[in-house]
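Given next, in structure tokens, is a single chain: the form predicted alone.
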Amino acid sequence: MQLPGGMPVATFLRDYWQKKPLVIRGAFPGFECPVSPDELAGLACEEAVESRLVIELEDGKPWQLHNGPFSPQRFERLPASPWTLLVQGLDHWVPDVADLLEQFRFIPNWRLDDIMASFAPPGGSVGPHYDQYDVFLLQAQGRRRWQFGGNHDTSSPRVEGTPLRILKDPSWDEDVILEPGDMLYLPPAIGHHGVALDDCITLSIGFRAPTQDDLLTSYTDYLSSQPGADRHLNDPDLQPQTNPGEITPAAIERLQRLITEAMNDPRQLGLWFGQYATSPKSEDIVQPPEEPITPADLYDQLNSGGQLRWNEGSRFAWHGLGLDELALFVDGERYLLSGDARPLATLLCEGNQVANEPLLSLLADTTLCELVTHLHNQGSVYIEWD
């Protein structure tokens, strides 16, 4: 396996992933951006699309943030001060952009987040800052100057008067200019500042990094809905105590045992995490088709040359539960497969375009054909024609 640009994946993961930045020249030779600035502005006017405008100086205030959707007239009233338009989840709406994610499958599906587009005229940027996730910054149009370096956290000095985490007086280790097709990898907490030198589009391939708070809150909510969650804390071995106000070590031990038993089930942990990790970012992303199809229709269309493809905003993963069973997770739902049905899960999760020949072989099984038809009719997959 190789990164775009040719570096072996094993080398990248060993030497760079979550360790240090990497500039990859010619990662995508001859790259042409799948969207234009006008198309990005059009998407930013849509209710279902998450978008933002960052203006470097507005009414004397630094680095001001405005959230979309925007009216077309808003783009006619942009200030002379440098600005940047951000469109989140571009891969959810543009299949050609979603296809870029196939170049990053050396990272597990559940870690991939989405692709954000950043457009700026000359001088535009979102300011010097750091993020808490891994990101590949692909130069898609124009040139951008990147300065980066240093590890930062919540104690790092910030510019006041802005809702953004703008670093105050940062120092940089590297200073590079990226041309179309070049790419920069940045680990979490590395400070960086990208300034457009021309009309410039950068595509940010970001990776999910849930916090401990998010994980614990979601998992305990899940456990609370499982059978047996109404079990009471009991103490049949209660002993007399000198002071009734004391919470004794024995009470804490019983409490710890009850919580540990609930939390310590690897099967439940795997089932929860698969659903958590594949939940769509927005309810607007996965929508059922106008006309549902039958299993026979699905099979016939695939057999006639149709290509099964993920919804651009859908998430797929699987987890082995034992020698003969695994769980397929699609858009926050789980499906348990055993025996000869298991290869369907691994096939569906390999990439956003599902290999037709092995799929048709599996869909000869009526139950599996019904499952894939269900995924189609809920909007997680669709059939694409050349």
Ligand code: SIN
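All values derive from a computational prediction rather than experimental measurement. The first residue of the shown sequence is 1; numbering continues from there.
The same protein also exists as the form predicted in complex with the named molecule; that form is not shown, yet it is the one meant from here on.
Residues D297, N356 and L360 are none of them found to lie within 4.5 Å of the named molecule in the predicted bound form, as judged by heavy atom distances. Of the stretches 297-305, 72-80, 144-152, 232-240, only 144-152 has residues with a heavy atom within 4.5 Å of the named molecule in the predicted bound form. For the options L167, I115, L137, L178, the residue carrying a heavy atom within 4.5 angstroms of the named molecule in the predicted bound form is L137. Exactly one listed residue, out of Q88, T278, T202, N311, brings a non-hydrogen atom to within 4.5 Å of the named molecule in the predicted bound form: T202. Taking non-hydrogen atoms only, H129 approaches the named molecule to within 4.5 angstroms in the predicted bound form. Interface membership of H92, defined by any non-hydrogen atom within 4.5 Å of the named molecule in the predicted bound form, is ruled out. Under a 4.5 angstroms non-hydrogen atom cutoff, the named molecule in the predicted bound form has H192 among its neighbouring residues.
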